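In the form predicted alone, a lone chain appears below as structure tokens.
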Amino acid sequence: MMNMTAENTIQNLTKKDFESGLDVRWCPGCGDYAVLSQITKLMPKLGIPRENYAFVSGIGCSSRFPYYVNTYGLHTIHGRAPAIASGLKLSRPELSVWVVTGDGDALAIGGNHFIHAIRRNMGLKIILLNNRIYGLTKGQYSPTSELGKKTKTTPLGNIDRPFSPVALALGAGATFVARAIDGDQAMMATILERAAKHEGTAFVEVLQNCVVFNDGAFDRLTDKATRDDTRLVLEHGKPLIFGKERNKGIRLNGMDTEVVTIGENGVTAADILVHNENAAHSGLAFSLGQFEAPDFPMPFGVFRSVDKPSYQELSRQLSESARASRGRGELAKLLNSGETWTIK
């Protein structure tokens, strides 16, 4: 009877059940609203009890997220959300654990924690809201700010080469990597659902507009007049074609990728690379992750999705094997074994 009730409770959950009811303290027009809306819309569809969700964040505008979802959550310390979330997932592997972070929180002070959560293939859903600026602290440049960007801390222009979060995640061995943008709700919904169902680490970068400190950073990617020529939509098993006329594509020239026009210089549709998100190696996905204007269109969609054993599953197997061969063990015996000494 209790199980049936639980099942009915799950089935009857709605988007409203996952909204905390607290005033959302993001600036009007912030792209974070779109992500919050899509995640609260997705959660009742996953068949997971509300008490089995946990949202973990660090510091920044994006890190207010746990306050706005009606689940368990932790607002932790700058850059350390992946480490805390990893401990939670290991101790409670049945939970759906989400990390919501920003480009500064994840890639500056938190860079080390970020890459190791990716490397270990921990069963976390890491959503990085990338506005290419420090918003909460009022407009300093971040690790993703473009070269030449003038900010309060780079008044003469940024000279730091920016990270590509997607390329960084792929370089760390990620098993699921995707990119969305706040203005494309349909694509974001599909990507978030796929990420939620991935067994290991699922990393999603969401480009989102900061209306106060970096407004218009992604206009060419969202404006109807330019977006077809500046965006490359990744679809598994389909050629990498883009442009208003659908006549531009990505070709492999030796070991390099290049933009070509179908119908010019003998280029045919057969020359265009076909996207394979399940490829055994991430080389081409890594190349796509570094595409930037003006030389290349920016790719959106799933870059890579492969099945590998998750860290928490390997940890469970290791623990079971140890218990089977050595027994459950006793803490007092452990503390008094091996090399011991007396402090006088």
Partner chain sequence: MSNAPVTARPIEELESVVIRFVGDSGDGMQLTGTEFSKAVAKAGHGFVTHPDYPSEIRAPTGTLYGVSGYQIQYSAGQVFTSGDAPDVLVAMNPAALKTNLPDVKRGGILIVNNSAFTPGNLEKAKYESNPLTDGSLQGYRLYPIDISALTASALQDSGLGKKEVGMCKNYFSLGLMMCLYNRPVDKEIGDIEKKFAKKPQIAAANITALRAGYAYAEATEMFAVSYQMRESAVKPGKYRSISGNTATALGFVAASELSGVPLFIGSYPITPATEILQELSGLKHFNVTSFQAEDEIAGICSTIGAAYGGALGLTTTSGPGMALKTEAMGLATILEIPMVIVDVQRAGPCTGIPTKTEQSDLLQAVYGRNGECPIPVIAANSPADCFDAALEASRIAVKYMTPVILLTEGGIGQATEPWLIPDVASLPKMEVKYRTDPKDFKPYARDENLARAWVRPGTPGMEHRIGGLEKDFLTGNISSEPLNHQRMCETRAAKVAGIAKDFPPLKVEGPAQGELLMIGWGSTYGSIAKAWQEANAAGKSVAFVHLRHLNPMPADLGDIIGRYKKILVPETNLGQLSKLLRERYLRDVIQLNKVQGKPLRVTEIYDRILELC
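Take the two forms, superpose them, and find the largest set of C-alpha atoms that agree within 1.5 Å; that set is the rigid core. Numbering follows the first chain given and starts at 1. As the structure is a computational prediction, the values presented were derived from the model and not from experiment.
Absent from the display: the form predicted together with its partner chain. The rest refers to it.
In summary, the region of this chain contacting its partner chain in the predicted complex, judged by heavy atoms within 4.5 Å and restricted to 175-183, 196-204, 223-231, 117-125, corresponds to 117-125. At the 4.5 Å threshold, heavy atoms of Tyr72 reach its partner chain in the predicted complex.
With a 4.5 Å cutoff on heavy atoms, His78 counts as touching its partner chain in the predicted complex. For the chain shown alone, Leu318 is a contact residue for its partner chain in the predicted complex, at least one non-hydrogen atom being within 4.5 angstroms. Heavy atoms of Ser91 reach within 4.5 Å of its partner chain in the predicted complex, making it an interface residue. Of the residues Leu273, Ala108, Ala189, Leu95, just one reaches its partner chain in the predicted complex with a heavy atom at 4.5 Å or closer; this is Leu95. The contact with its partner chain in the predicted complex, taken as any heavy atom within 4.5 Å, belongs to Tyr67 out of Tyr67, Phe296, Phe286, Tyr33. Every residue in the set Ala83, Asn336 and Lys344 has a non-hydrogen atom no more than 4.5 Å from its partner chain in the predicted complex. Residues of 316-342 lying near its partner chain in the predicted complex, listed in sequence order, are Leu318, Ser319, Ala322, Arg323, Arg326, Gly327, Arg328, Gly329, Glu330, Leu331, Ala332, Leu334, Leu335, Asn336, Ser337, Glu339, Thr340, Trp341, Thr342, the criterion being any heavy atom within 4.5 Å. Once the rigid core is used as the reference frame, the Cα position of Gly327 differs between this form and the one not shown by 2 Å or more.
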